[in-house]
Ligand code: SIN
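Take a look at this single chain in structure tokens; it is the form predicted on its own.
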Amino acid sequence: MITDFLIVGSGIAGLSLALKLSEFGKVLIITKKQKAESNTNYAQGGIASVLGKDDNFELHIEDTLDCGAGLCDRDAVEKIVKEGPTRINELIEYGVRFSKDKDHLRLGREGGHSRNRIAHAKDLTGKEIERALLFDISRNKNIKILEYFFAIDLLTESNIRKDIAEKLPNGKKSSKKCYGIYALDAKKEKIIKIVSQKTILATGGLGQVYLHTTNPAIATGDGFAMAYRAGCELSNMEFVQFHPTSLYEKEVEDDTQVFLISEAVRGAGAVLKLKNGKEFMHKYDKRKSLAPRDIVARAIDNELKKSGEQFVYLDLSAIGAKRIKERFPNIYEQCKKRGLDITKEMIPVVPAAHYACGGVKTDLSGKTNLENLFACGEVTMTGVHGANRLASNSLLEAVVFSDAIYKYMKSNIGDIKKYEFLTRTELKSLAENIYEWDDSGTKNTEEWILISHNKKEIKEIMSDYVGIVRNTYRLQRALTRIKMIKKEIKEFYNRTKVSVELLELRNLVQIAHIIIKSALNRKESRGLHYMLDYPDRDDFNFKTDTILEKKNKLHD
């Protein structure tokens, strides 16, 4: 199978880019589940941009830099902020129906923002964006979506006949290149090669590496792992954001996606309280319940360790029953289904793994260090988020950098003789000389208990040792165990015919290993990476002896 542009993933980054690239040729989107299943689809809060009269670019830039704890790339931050209003208007042109007050967008506020600047569609913003983009794509003859196609590995020179690879006209001979992917057609249980002029990773997040996450089951870090194996540079992988307010439920299965209580709820006036009804965030930050996520998540974690309780409360009474139902209808209904009336009762909440601030390193055009391979969305490290992402900057980054890829393509596509693009004949010849997937010597196995057991063990290790608060001792213990599991999985993978479950397991253990190694390399506390060994002098104290540490002492 050949195509001009291959996009892996069907969230806001991939879909918005597909619509633009269709101007130049055939676009193929592959997605591991249904086309609407993505992290974007579950984004409640909205998309941040300077749209209010009392706001300006510099304020948004400074809020982002402050939240990123000194690790943001200012050029990348300025890029998303200054292009934000244009990209919002573009989404409106695509048919996205943002909430309005008469003829003006209704702008919400979230933690870390100094102004109201969150454009939203009530509390189902991501779902509304997906709806609009997918509708436009359904009418575009140059775009094709393949559902239930799992990207296994990127195609590079190692997958091409050596004599052919040496003659390819595109690129610097010293650099590594990408020519597409091997993909598993899950329904037909068949592996195919997809060869493309340009490949774009828009695969989303990695939250499923933890026991409890706001991410859907598909977020197994596939793009990160696949890029790493192909030789891509990854950066800032230690910075995994835990959303402070996921709904606490007593009985939750290990793989269950926990329900997110949007930060916009706090932006509308809700406050965090302890079981005794007292507020506590004033002890940790002057912004109280609207402090950035890293601070709020650590504060909750600290209070729970001191009290021994399993959750804190979110009190919505200041918002009012009428406004709750109008502004947050989805949260209201979802809580009601669980027997909780949030117009009368406080919501029990706990932090949960939410967003990867690190990822595949790209430049301001979305290019990776592999020629022909681009990336956009959560799978990337563009320099925007630094050590902690500012709320609702994720969707903004996705649309701005997908547009950057489009602009780069547009500037290079005019002259087909440039190394950037192959002729159709060359592309077809290339495809014929890429090796077919070889699974000789492998067999189907009934030992799927090994997969489920290893998956659970990885999640438990990451949650116990590589969570909100860390130390070197825990990280080293985690690394030792993950190395052993990784070796077991590699041996199992080499002798077994692939399946979605096995491929996800292979990716999860790879991502766990990278996160742990990255965390061990950063010998400081910064943003989302809080180390008990290196506490910030200006941060609050974490001397509480945790249950986990007590358990370790008993075992040792």
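Counting begins at 1, following the sequence as shown. Computed from a prediction, not measured in an experiment: that's the story for all the values here.
Only in words, not in the display: the form predicted in complex with succinic acid, which the text now covers.
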| item | value |
| --- | --- |
| Option from 261-269, 459-467, 95-103, 318-326 whose residues, in the model of the complex, bring a heavy atom within 4.5 Å of succinic acid | 261-269 |
| Answer option from Arg293, Arg117, Arg474, Lys198, heavy atom within 4.5 Å of succinic acid in the model of the complex | Arg293 |
| Residue (of Leu107, Ala391, Ala478, Ala404) lying close to succinic acid in the model of the complex, criterion heavy atoms within 4.5 Å | Ala391 |
| Succinic acid contact at His243 in the model of the complex, heavy atom, 4.5 Å | yes |
| Succinic acid contact at Gly68 in the model of the complex, heavy atom, 4.5 Å | no |
| Contact test in the model of the complex: His354 vs succinic acid, heavy atoms, 4.5 Å | yes |
| is_contact(Gly45, succinic acid) in the model of the complex, heavy atom dist at most 4.5 Å | yes |
